[in-house]
Structure formats: C-alpha cells, structure tokens
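One chain comes next, on its own, written out as structure tokens in the form predicted on its own.
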Amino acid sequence: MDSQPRRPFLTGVIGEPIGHSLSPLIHAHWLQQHQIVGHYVPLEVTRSDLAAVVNLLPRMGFRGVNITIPHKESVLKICDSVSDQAALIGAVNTLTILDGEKIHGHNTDAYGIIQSLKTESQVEGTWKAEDGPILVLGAGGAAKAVVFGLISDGAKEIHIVNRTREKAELIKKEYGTRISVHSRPALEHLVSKMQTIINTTSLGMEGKQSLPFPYDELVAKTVVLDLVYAPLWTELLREAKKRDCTVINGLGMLLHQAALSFKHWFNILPTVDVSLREAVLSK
C-alpha cells in the first residue's frame, strides 16, 4: 500500500499592510531551489486580530511565519518562548512552531542588517562597525535590531535620532554610554560627522511621508543604508548618491534576514545569490 504523501509545509508572513512584501517571492525561490514541497503565504492581520491568528498557526499546520510592521514588538508577549537575542532586542520577526504546538520567537533582522553592510557589492569586505560613528534614524523594532547588531559587531559610537526621545532613551538605557540620543533638529550638525547612516523608519516608503533630512550635510564616502525597499531607491539614497556617498538599499537586509528565517524552519541556510536578486527585481 502506498504511503500517504507528505503534507506541504506552510510558512508565511504576517503584517499590516502586506501587499508590498517581497518575502513570498523570496521564499518561493528557495523552496523550489531546495525541492521543498511547501507554500509561503502573505497574511494581512490587524493589531486586534494578531493574538488570535498567531495562536491558530499550529492548528493550521504552519511550520513558521515571519512577522513584519507593525507587529514585531507586540508579538513578543504571544510567544511561548523567545530567543535570547529577540528578548534583548525587544522584537520578533520570525516565529517557529516547535513540536507542532509551541510558538518560539526569533529575531533575524540584526543578522540581516550586518550581513548587508558587510557583503553588498558597494562595501564588500571593507565596512566595519568599529570604524566610526553611526547614525540610526528611528527607535522602533527595526532600530532595536540595528543597534543590537551594531553593538554585537563592535560599534563604539551610535547616535539615535527619533521624532520623540522616549523610545530612543529606552534603547540607550539598554546599551549605555555607546548610545547618544538626539531630537530631529540635531541632524543638521550630526550628519557630516558620521561614517554610517541607517534609516530604520518607514518614512520614504511608498504611501508614507518623505523622510525629513538635511541632504546638503552629507559627506562623500559616507555609507548610507535605507531599510525601506519599496521603492528600492528612496529619496534618501538618490540624494546620497548625488553627493558621492556609498549607498545600500533595503533589499540586501531583506534577503539576508529571510535566509536565516528559512534556516530556522528547514535547517538550510540558502544562498543570497544573483539568481535570487534577479527574481526579486523582475517583479
């Protein structure tokens, strides 16, 4: 008697909105490449429905999901357990279903950010966190992952600028004297002194307000990374390029954090290669 075929693996991404997400395309590429029978589905979930949906994942047969804006921080309290890194960052972007029932939270964003800064073709092999002061725009879940990754990689001086200081002060409280907190007007005198500038906010994303930024203060060769990837080339990156900065878009970070999520689910670290980039950019 023939054995029953294995049920396809289910994975996906939860966010609001979710229509812009490139994650289904990325993971479909790897599922096919590694001959894994499965699906990766986008799930648009409101804040009020998040707990109910997450708690249903084991019963629906999910192996895991990614978590994106605006749920990365609030999903923490829904998990049965979280990794030490996710607990320190205070945000979760990857859920894994353990033993078919327990929900475990990880954060792969910090890995994705550092891999992007170190391996993108513009900076490959030359960028080091300890080489100079770093400016982080924003203080949400993505900013927490950025700061964790930078500190872990040896950064000695990080400046955080946020619309309100309270959330940034909480990050400083966690990491101490290597962090300095500023209000937006401080950008005018900070920008020219930075080795690296990272935008972690959603400002500049399609459908969002533009990022208020003193572009004329940018100095040539400064590394400018924008985590926004829709559009791929934001106003920040276009203006930085005009001033001979080294610019990195959000695609690399997206691909590298996705690779580590894939490894959590399937114990395979897929390659971030040219074929993947071409598949994503052809969308």
Ligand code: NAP
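In this text, rigid core is short for the largest set of C-alphas that superpose within 1.5 Å between two forms. When you see a residue number, it is the position in the sequence shown, counting from 1. These numbers come from a predicted model, not from an experiment.
What comes next is about the form predicted in complex with this ligand, which is not displayed.
S.K.: Quick one: does residue 128 come within 4.5 Å of this ligand in the predicted bound form, counting heavy atoms only?
M.R.: Contact with this ligand, no.
S.K.: Closest heavy atom of residue 121 to this ligand in the predicted bound form, within 4.5 Å or not?
M.R.: It does not: once this ligand is placed as it appears in the predicted bound form, residue 121 has no heavy atom within 4.5 Å of it.
S.K.: Can you check whether residue 138 is within 4.5 Å of this ligand in the predicted bound form, heavy atom basis?
M.R.: So residue 138 counts as contacting this ligand.
S.K.: Is there any non-hydrogen atom of residue 150 lying within 4.5 Å of this ligand in the predicted bound form?
M.R.: Contact check for residue 150: no, nothing within 4.5 Å of this ligand in the predicted bound form.
S.K.: When this ligand is placed as it is in the predicted bound form, which of 248-256, 28-36, 235-243, 50-58 ends up with heavy atoms within 4.5 Å of it?
M.R.: Contact-bearing stretch, as computed: 248-256.
S.K.: Select from the listed residues 190, 203, 103, 76 the one whose heavy atoms reach within 4.5 Å of this ligand in the predicted bound form.
M.R.: Only one option qualifies, and that one is 203.
S.K.: Pick from 228, 43, 223, 218: which residue has any heavy atom within 4.5 angstroms of this ligand in the predicted bound form?
M.R.: When this ligand is considered in the predicted bound form, the option within 4.5 Å is 228.
S.K.: Out of 133-164, which residues reach within 4.5 Å of this ligand in the predicted bound form, heavy atoms considered?
M.R.: Heavy-atom contacts to this ligand in the predicted bound form: 138, 139, 140, 141, 142, 143, 162, 163, 164.
S.K.: Has the Cα of residue 221 moved 2 Å or more between this form and the one not shown, judged after a core fit?
M.R.: No.
S.K.: Core aligned, does the CA of residue 242 move at least 2 Å between this form and the one not shown?
M.R.: Stays below the 2 Å threshold, so no.
S.K.: For residue 263, is the C-alpha shift between this form and the one not shown 2 Å or more after core superposition?
M.R.: Result for residue 263: no, shift under 2 Å.
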